[in-house]
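So this first bit is one chain, no partners, the form predicted on its own, shown in structure tokens.
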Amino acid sequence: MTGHEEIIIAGFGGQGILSAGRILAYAGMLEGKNVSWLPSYGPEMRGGTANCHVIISDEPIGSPILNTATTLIVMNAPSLDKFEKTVVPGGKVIIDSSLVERKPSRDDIDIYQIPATMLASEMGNLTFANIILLGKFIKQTGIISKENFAIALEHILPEKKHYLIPEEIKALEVGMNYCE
């Protein structure tokens, strides 16, 4: 699979925003692509705002700082308000509709609304919400494979959490297969 994705993942601290970005970047590396991961978070961390910029590309990456994004993944309303305008025309916005009530106001982007927090709750683990959203991202872009995502989980998750990997893959599949 080839391509170039400039991704902004944003939400509250504690939702796994930065981890989601690290997993994507690591999986991109496993695909043999050039990657960058740039985290950003407020001083309050858990409960405050957090976002990260991830670039996965066949081409060399000039700067890890994104002024525009091909994909925006948001897990709270303030993040949609802040970053919606950065999405390029024809880009994608993937929204946790359990936590974000409004739709983007633009009609030149593809919008995917997934009740990720509700689905994660049904799976018995709220921390899977970010993985569900990443599943939709992987399905829509094809920039990384499910197999390399699973390998990346093994490298990014602390060993004491490796028992969760089979469930994390199920969460990824929930996102990949979710139809609005």
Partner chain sequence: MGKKLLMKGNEVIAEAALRAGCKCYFGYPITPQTEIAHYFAKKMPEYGGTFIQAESEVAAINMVYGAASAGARVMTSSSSPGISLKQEGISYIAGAELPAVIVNIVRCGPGLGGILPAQGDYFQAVKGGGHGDYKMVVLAPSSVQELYELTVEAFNIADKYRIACMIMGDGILGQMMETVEFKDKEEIISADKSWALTGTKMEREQNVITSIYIDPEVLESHNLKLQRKYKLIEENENRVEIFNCEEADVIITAFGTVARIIKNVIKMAEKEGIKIGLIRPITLWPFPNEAFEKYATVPKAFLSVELNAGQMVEDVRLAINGKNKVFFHGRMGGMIPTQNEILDKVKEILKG
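Computed from a prediction, not measured in an experiment: that's the story for all the values here. Residue numbers count along the first chain shown, from 1.
Just so you know, the form predicted in complex with its partner chain exists too; it's not on screen, but the next bit is about it.
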Can you check 123 to 131, 139 to 147, 108 to 116, 54 to 62 and let me know which stretch has heavy atoms within 4.5 Å of its partner chain in the model of the complex? 54 to 62
Residue-level question: is Val35 within 4.5 Å of its partner chain in the model of the complex, judged on heavy atoms? yes
Taking its partner chain as it sits in the model of the complex, is Met29 near enough to touch it, meaning that at least one heavy atom pair lies within 4.5 angstroms? yes
Gly48, heavy atom within 4.5 angstroms of its partner chain in the model of the complex: no
Would Ala171 show up as a contact with its partner chain in the model of the complex if we use heavy atoms at 4.5 Å? no
